[in-house]
Each structure stands twice: as structure tokens, then as C-alpha cells.
Ligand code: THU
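Single chain ahead, written as C-alpha cells, the form predicted on its own.
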């Protein structure tokens, strides 16, 4: 399981076990804007919640994720010292024949939005199918993940970081669906030349290139370590 850690060069992974018994993988996903980095436990927990599951325990070897104590306290997580011989690992991939808009609409049921009440869903297209994401809110507002970043985090954990094609975003309560600034920065890290299709509440769509949504953006080539 490979992290995306070009700046720290520190791989990190975590498995969160949900109440269902399924294990959700998370890896470190760094960003040129360092505060937007997603730790392994952060990504794994949001993936679990986005699947309508509840985190109950975690397994992580060294190095330990940042803010580990926050996540343990937030969900009263129990630490696993060992894993089952054949853990049931969550596969986020939806089939290539998935109908985009119905899937985006159905995903709204999985949004965890106790603070905003504003659902957002996403489908990240890969060569093998679609990786879904929904927005997740927790008690510390800044530690929630938008739908776009949930999908990106899942894609990296599943090994698709270099095989991303197109992103679809849907916000049924918004007049105009559009990624926030933080998501634009993260998308620019992984798919700056790819298209993003915005599905608006009035059933219209608009298509944009990610690079055009973050003009003059600060990119990873500025800081990535070179041998």
C-alpha cells in the first residue's frame, strides 16, 4: 500500500475497522499546501464514514499519524495489535457502466453533514470504473473532508493516483456546484490537466479543466525533493 508522500518521503498507512467488520485502508496523501495533507488514519476514517459505516478500531504501524489522539477520542477507537488472517478490505470501485447522475444522487444518503446540512457527492473516473466520495464533517470543522478529497484519498489508497481521468461533482442544494479552494488545490496536485464535470441542482452541467479552476496555482514541482 503506497502513500503519496513526495515532500516528507515518509510512507504511512492505516486500516480502520468498521462496525460491519470491513477494513478501510488509508494512506498518507500529501499536498504542496502542507496543511491540506491527509494522514492515513484521517483518510481511512472518512472512507469508513462515507460508506455508511462506523469506525470502531484501528491498526497502524509506525510512523503514527498526526493527531492520532484526536481521532481515537472522536470515535472511541480501540487499537488492534494484529490483523485477521484474511481481513475484508473495502474496495471503493464502482463498475464502468455506472450511471453518473443517479449514482451521484444516491450517494447523498451517505453524506455526514451534522453541521452544514449541505450534501456534496463526487465520482472520480479511473480506467477501471468510478471511485465515489461524499463530504464528511467531524467535531473539528477543519478536519472534515469534502467529497472530492474523500474520493482522491480513496483513489490513492487503492493505487489509482496516476490513473485518474475525470471527476464528477454534485451539490443538490447548491445553485452552482463547484469545488472549494482547498479541493481545487488538492485536485491540482493529482489531475491538473483533467476535466471536472459539475452537475448543478437544475440538472444542467458544466465542464472545466482543473488547471483553469486554480489559475496561477502553487504546484508540487516547487518543493518536491530531487535526488
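Predicted, not measured: the structure shown is a model, and the values here were computed from it. Numbering follows the first chain given and starts at 1.
We do not show the form predicted together with ligand THU, though everything after this point is about it.
Note on the partner interface in the predicted complex: the residue among 139, 88, 91, 116 having a heavy atom within 4.5 angstroms of ligand THU is 116. Screening 167, 38, 183, 50 for any heavy atom within 4.5 Å of ligand THU in the predicted complex leaves a single hit, 183. Stretch 139-147 is the contacting one of 80-88, 67-75, 139-147, 102-110, since its residues have non-hydrogen atoms within 4.5 Å of ligand THU in the predicted complex. When ligand THU is considered in the predicted complex, residue 179 lines it closely, a heavy atom lying within 4.5 Å. In the predicted complex, ligand THU sits within 4.5 Å of a heavy atom of residue 120. When ligand THU is considered in the predicted complex, residue 153 lies well away from it, no heavy atom lying within 4.5 Å.
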